[in-house]
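Each of two forms of one protein chain follows alone as structure tokens, named structure 1 and structure 2.
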Structure 1
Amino acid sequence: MVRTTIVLTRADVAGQIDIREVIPAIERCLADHEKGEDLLPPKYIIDMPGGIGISACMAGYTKAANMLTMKLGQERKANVDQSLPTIMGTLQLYDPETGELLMIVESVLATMYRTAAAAAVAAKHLARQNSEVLAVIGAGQLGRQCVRAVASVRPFRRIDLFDIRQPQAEQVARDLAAELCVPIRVATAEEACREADVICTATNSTEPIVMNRWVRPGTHLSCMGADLHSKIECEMTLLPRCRIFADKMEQCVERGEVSQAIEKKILGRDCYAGNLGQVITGQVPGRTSEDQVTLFDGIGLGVQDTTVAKSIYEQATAKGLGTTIAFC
């Protein structure tokens, strides 16, 4: 008999799925991916006619999880004029052996969970052990989840939060202060970066926000917003100071935080020290000195979608979440 399909909304994920369970799963996923046994076709992006937005399809098979996912996302910036979300999508989880559709989940929040979890894994392995101040640049949904995830891997004494929409940053600070039991200060980008031990960028910016002169020696940066060549969050002159790691070097050189610097010959295509998964497995050294600036360039991988989908599916099954549908 064909198994039924669980359908989960964004509210189901926000209310019942624990991001802290996703972080170790993403850590294992990045390490296991270095074995070369996963299937990870390139992301397929369609530029919609008239420049109205993009449609993107990402798939991945993860051997360790023995799961297959397919994700279709839509970005339409003009939707804001119609009071509609600018990004929408679905993530589908399949049994790779039978082809059964196990789960359909709203993909935007699920993607934010796995992206924030990757930022946290990078901070765990690359930030100084005595890091005390976290700065999160961007207070949208990704920034919110980065605060929650990264704060769980280090005992920060303070979190600084910046967004060009100050009321948005203030709302996120109010929402998360009690949950995290860590003071959250709304600050300017310069204030946040100058005092930070760990900086996490979580924006859609196409102009640099984090300036070279603001970043102290010994800082770690998890750069999570630049997943297209047109996006950039750090001033290019900062990048040569950094020991840089990718989630997957071959993809990041084309679309990641460093891609524009490579195009302008500020960096070479060999600028990466390695993949984060290689640091986790001990194949490549991570931070090599206390005053070194480290940077994780995370554009997101299909196997991360598979991993977060499996975690959500397991949590949803255990808690009886969502609506169950029999397609066959």
Structure 2
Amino acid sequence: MVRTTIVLTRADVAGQIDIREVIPAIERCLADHEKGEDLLPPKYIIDMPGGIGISACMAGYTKAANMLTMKLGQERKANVDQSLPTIMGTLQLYDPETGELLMIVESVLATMYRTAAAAAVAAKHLARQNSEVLAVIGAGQLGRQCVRAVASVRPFRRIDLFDIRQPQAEQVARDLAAELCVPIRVATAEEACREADVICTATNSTEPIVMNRWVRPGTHLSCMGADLHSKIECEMTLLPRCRIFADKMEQCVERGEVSQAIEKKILGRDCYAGNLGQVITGQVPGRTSEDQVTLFDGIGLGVQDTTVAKSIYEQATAKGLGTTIAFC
């Protein structure tokens, strides 16, 4: 008999899915990806007529997790005028052997979970063990999840949060301080960066926010917001000070945080020490001294969607979440 499909809304994920369970799954995914057995077809983008937005299709298959996903996303910038979200989508999880559709889940929050989990895995492997202060730059959808995920990998005594929309930062600080049992201070970018041991960037900025002179020796940066060549969050002069890692070097060189510095020849295309997965498997050393500045450039892999979908499916099945549909 064909298995039924679980349908999960964003509220189901927000209320019931534990991001801390996603972090070890993403860690295994990045390590397994280094075996070269995943299938990642190129992202397919449909430019909608009249420049109203894009439709994006992404697929990922991981042999290690033995799962297949397809993600369909819609971006319509003008939706703000109708008080609608500008990004919406669904993530579908399939059994690769039989083709059965196991789950359909709202994809925007799931994407934030897997991205924040990657930032946390990078901090776990690259930040100094004695890190005490976390700075998160950006308090939007991704910034909120980065606070929750990165805070779980070190016993931080304080979190500083900066966003150009200060009320947004204040809201996130109020929402999360009790959940995390760590004081969250709304700060300027300079205050946040100068006192941080770990900096996580999660904005959609096209201008640098993190200035070189504010970053102390020994800091780790997880740079997650810049997933297109046009976006940037760190001053370019900071980058030559850093030992830099990617989620996948071939893609980050074109579209990641350091891609503009490569174009301006401040860095070479060989500026990466390796992929984060190679650090996890021990193939490449991570941090090599206490005063080194490390930087993770992560723009996201389709197999991270597959991994977060599998983690959500397992948690949803165990807790009996969502609506179940028999499609055939």
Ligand SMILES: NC(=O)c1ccc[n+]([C@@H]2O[C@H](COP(=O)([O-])OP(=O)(O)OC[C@H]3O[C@@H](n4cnc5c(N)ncnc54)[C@H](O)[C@@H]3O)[C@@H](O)[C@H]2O)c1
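So that the term is clear: the rigid core is the largest set of C-alpha atoms that superpose within 1.5 Å between two forms. Values in this document were obtained by computation on a predicted structure and should not be read as measured data. Sequence positions of structure 1, starting at 1, serve as the residue numbers.
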item: Of structures 1 and 2, the one that is the form predicted alone; value: 1
item: Core-superposed comparison between structures 1 and 2, Lys43 Cα displacement 2 Å or beyond; value: yes
